[in-house]
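Only one chain is shown below, in structure tokens, and it's the form predicted on its own.
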């Protein structure tokens, strides 16, 4: 690293290396198991700093990772022995133009900051369901959120991005400028560069919404699944979405239970009328759902999923609710949780995708999900050690296999990645048991992008032919063999 002194002199932000007292803090991620010991952490202040960091890393053959919110469970924002371009310290603010209904978010902003700022003007857009999630990573991978039914995915509301590509050039990408790059960014993750600023459409939003948690004993699962199945193919209210999940209760009794996390963009009275089929099921252990400020709705899970825990996520899609599958999933969740002392949640996310499906399939790189029933497996475990990671993977794979067992020939020969932002394993053919690193998987990446993959590979050849940006679902350049 012969030019490190020159790099440090020219750099306006903060550079942290293993010798510095704040090095360990600089490696902090939402998931402790996503930490990697970088050679350099570059807390950038502006686009010029980002370009300098890219140039320095490339000249010293250092792999690059980009950190926005640091929430990716696969470690995509970390780099073992590499250089991390960290946007979280100096590029994390949000500005709102209320007249134009636009929000300008720095690449390191969190959804907590975004929602708090936009709601000062009674405005919002589709964002994350956990407040300490980064704006950037969630958006570039699609972006489910409570407002998806009304405004589509987060990516559907992005209208412009400032991008620093692999050669250090700063570009504006939108429907008017560098349109091919804008197409690729929207769903292509971090494949094309570092985004220093996002510009979103924001929409009028009422001050309060209805959400919270309602809890039933495990014996109510059949009735709850029956209600969700009856609702599944019926016309959906764009103001509503809900999640059903099975887990052991967090209190010392560790009672098997079923939980409903409803959302309704309206009053409590309207919401309870909308969800009366669920609330007619008894007996109920607790009903903690209520009307709350919109800014509070995506903080509900913050305390149970704090920064610094060991988390493993896995996702699959299901075509329809199934009681037999749900019963098998629940039995496995309860048994595995007790056997290994893991906190395991299996979540059925019932999204309203009517608005999102109005966007043409070829409008952007993001592949629209075929099912509105997204399943998420969350496992919280004790120690970031290879033995536990291997055991956690086994548990998650078992649950995913049960969940997809009823899909039959409809998914034969297909890769069921689920929602890409949820997966804790990088898309690899060969997985190192001690980490998430391995050989890039064409099969998983092709499955994620579908018919858009060929165009993405051509764009990768144009903007990043040397595969400088190779975290998340890295697309190989068109010329790569």
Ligand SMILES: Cc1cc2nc3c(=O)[nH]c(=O)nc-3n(C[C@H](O)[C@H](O)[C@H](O)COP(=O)(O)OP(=O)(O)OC[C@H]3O[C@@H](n4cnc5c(N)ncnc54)[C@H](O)[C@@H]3O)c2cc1C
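Residue numbers count along the first chain shown, from 1. Quantities reported herein were computed from a predicted structural model and do not represent experimental measurements.
Another form, the form predicted together with this ligand, is not on view; read the next lines as being about it.
Looking at residue 395, you'd find every heavy atom of it more than 4.5 angstroms from this ligand in the predicted bound form. Put simply, residue 421 is close to this ligand in the predicted bound form: some heavy atom of it is within 4.5 Å. Contact check for residue 124: no non-hydrogen atom falls within 4.5 Å of this ligand in the predicted bound form. Although the partner is absent from this view, residue 118 stays clear of this ligand in the predicted bound form, with no non-hydrogen atom inside 4.5 angstroms.
Screening 403, 377, 140, 365 for any heavy atom within 4.5 Å of this ligand in the predicted bound form leaves a single hit, 140. In terms of contact with this ligand in the predicted bound form, the residue from 166, 130, 332, 281 that brings a heavy atom within 4.5 Å is 130. Every residue in the set 77, 144 and 472 has a non-hydrogen atom no more than 4.5 Å from this ligand in the predicted bound form.
Contact with this ligand, judged by heavy atoms within 4.5 Å in the predicted bound form, is confined among 192-200, 229-237, 315-323, 211-219 to 192-200. Residues of 374-392 include none with a non-hydrogen atom no more than 4.5 angstroms from this ligand in the predicted bound form.
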